[in-house]
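Here's a solo chain for you in structure tokens, the form predicted alone.
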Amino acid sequence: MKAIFQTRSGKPDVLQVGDLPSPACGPKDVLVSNLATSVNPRDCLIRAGRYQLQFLVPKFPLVLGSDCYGRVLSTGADVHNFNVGDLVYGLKNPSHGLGTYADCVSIAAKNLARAPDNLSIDQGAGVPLCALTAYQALVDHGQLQQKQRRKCQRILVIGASGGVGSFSVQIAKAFGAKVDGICSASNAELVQSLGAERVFDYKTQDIKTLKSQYDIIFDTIGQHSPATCRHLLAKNAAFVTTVPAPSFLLKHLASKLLPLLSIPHIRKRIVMVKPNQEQLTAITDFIQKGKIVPMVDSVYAMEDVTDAHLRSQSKRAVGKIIIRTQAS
């Protein structure tokens, strides 16, 4: 297979393109002809050897990548819900071997879902990790529910124009919540088009000066804390972050114990995305209904992976950064 790989940790220039042995397809796996993948911030951390959970990362030569999007080439003996030729997408975490920066991917069938047929290749490749992160942050940790089941919830998304942020705004809106976003002024119009009612410019408006009350605050970039946002959190609200800092892990665990003691509290949560076929299928349904439109920032060939990583590290991407693993 053709793949992007590295034989040592370092800057983006350690990434190289070449041929590696194709992956094996186990009895519960699906072999996918991978058309495209995406660059996620943790790819850059793993590449540099600075990922918080680096011990889970496979050994060198390391093929990065979590998102796969393509067509089924073959299925393992125990797989009965996918057929050759099916258009699928899915997520591989470090503990699952990563490996989606390649034109062929072996992935557990339970971590795949049928991809929507109303997306481009580039849009589809950007969905699994970021959309599942957003869904799990808001629904699993934030307890976001459909509007008809309870009062309308208010959500604040910090980093609303990024990969996770753009999905978060749309998922919250699809659930019937009222959503506000924080991003740069240049991206405010885009975030409003995704469903945000109000957008605050982080460069000119200090979060401490905001006066609204939110049921969920989701910090997609890990720049704030429950303390800096305390005045914005309603009773029994949730503050969710994507950054598993050791100090916040303790707050996360303590927050889970407080309900057992019936103590009113702000729920403090860290979202660490997991593959979930049922949730990815629910996201697919939203996409097919037009309630979620994946945003693409830029598209790179495999040979330009260094530029793709530099773009990610710039933290200026609006939507997803895509790498085409096969020529169109």
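Here the structure is a predicted model, which means the values were calculated and not measured. Numbering starts at 1 and runs along the sequence shown.
Omitted here: the form predicted together with a small molecule. The next part is about that form.
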Original post:
Can you say which of 82-90, 67-75, 183-191, 103-111 gets within 4.5 Å of the small molecule in the model of the complex, counting heavy atoms only?
Top reply: 183-191
Original post:
Is residue 287 close to the small molecule in the model of the complex, meaning a heavy atom pair under 4.5 Å apart or at it?
Top reply: no
Original post:
Should residue 271 be counted as a contact of the small molecule in the model of the complex, where contact means heavy atoms within 4.5 Å?
Top reply: yes
**OP:** Report whether the minimum heavy atom distance between residue 47 and the small molecule in the model of the complex is within 4.5 Å.
**Re:** no
Original post:
Taking heavy atoms only, is residue 234 within 4.5 angstroms of the small molecule in the model of the complex?
Top reply: no
Subject >> Heavy atom within 4.5 Å of the small molecule in the model of the complex - residue from 195, 116, 94, 159 >> reply: 159
Original post:
Considering 179, 216, 164, 127, which brings a non-hydrogen atom within 4.5 Å of the small molecule in the model of the complex?
Top reply: 164
